[in-house]
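Here you get one chain, nothing else, as structure tokens; it is the form predicted on its own.
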Amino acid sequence: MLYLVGLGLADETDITVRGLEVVKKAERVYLEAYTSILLVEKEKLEAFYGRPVIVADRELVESGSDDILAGADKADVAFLVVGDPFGATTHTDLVLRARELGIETKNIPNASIMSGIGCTGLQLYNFGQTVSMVFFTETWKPSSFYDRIKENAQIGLHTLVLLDIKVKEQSLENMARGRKIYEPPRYMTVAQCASQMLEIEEERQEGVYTPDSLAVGAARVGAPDQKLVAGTLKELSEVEMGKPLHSLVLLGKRVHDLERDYIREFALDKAAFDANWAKSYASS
């Protein structure tokens, strides 16, 4: 059996009891380590599980899936995923490959950022499409996220923006030269995300959002040092929220007064928040 085991959002103790039982009896245990990260080191996981853990980077998961699945028709293999196993489509590919080989699979779910973002007090059924924000470069500034936000905004829904992480990435030069040299890990911040959003709005000029649009920045959701900050995109483009991982929610117009009361507690400037709300959201 191939087990896909959700790990939750924060540390080694977030695994479910059922998931931990699978890990303890599996012949091999892999940790997917590129779509997201836990907030603890692999060694802490191994100490808690009492088992060695094999880190599965993008190359292994996407190109070496046969190595992961080897022998899974005769013994149990556990594939650990931060959050929920099906929070990223990459893992449906692994299941399909297992099916082709006649290997049974079982999913053990857990909390993901898609549900965990409810910690902001924003009602989950008022969210539209989730979008991803990648690191911009001088020559590459993809803006497909803007069109998805526009669709959400047209029906008044909030947008969860997931922020880019770069783990075990090669520079273009090293890739071209075939050198297995990797760049240091990078994790996008709320401030970088808000700045890039404003840059694209300045370029597109479609008024999907403005520097005064309200948003909530979230850092380390589910961890003891979780941090939430509410403010305008302009304010969030200058905020410091500490260690990764970060996410951002852009408020839609279909926002309830209860949601307002909840997020107001996290406002950088409550007077400015109230004024902005009265101007842009109160009549929605």
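Source: prediction; values computed, not measured. For every residue, the number given is its place in the sequence shown, counted from 1.
We do not show the form predicted together with a further copy of the same chain, though everything after this point is about it.
With the partner omitted here, the stretch from 150-158, 71-79, 186-194, 201-209 that lies within 4.5 Å of a further copy of the same chain by heavy atoms in the predicted bound form is 150-158. Proximity of Leu268 to a further copy of the same chain in the predicted bound form: non-hydrogen atoms within 4.5 Å are absent; the residue sits far from the partner.
Residue contact check for Arg254: one or more of its heavy atoms lie within 4.5 Å of a further copy of the same chain in the predicted bound form.
Using a 4.5 Å cutoff between non-hydrogen atoms, Ala272 does not count as a contact of a further copy of the same chain in the predicted bound form.
Of the heavy atoms in Asn110, some are within 4.5 Å of a further copy of the same chain in the predicted bound form.
With contact defined as any non-hydrogen atom lying within 4.5 angstroms of a further copy of the same chain in the predicted bound form, the contacting residues in 92-123 are Thr92, Val95, Leu96, Arg99, Lys106, Asn107, Pro109, Asn110, Ala111, Ser112, Met114, Ser115, Gly118, Cys119, Gly121, Gln123, given in sequence order.
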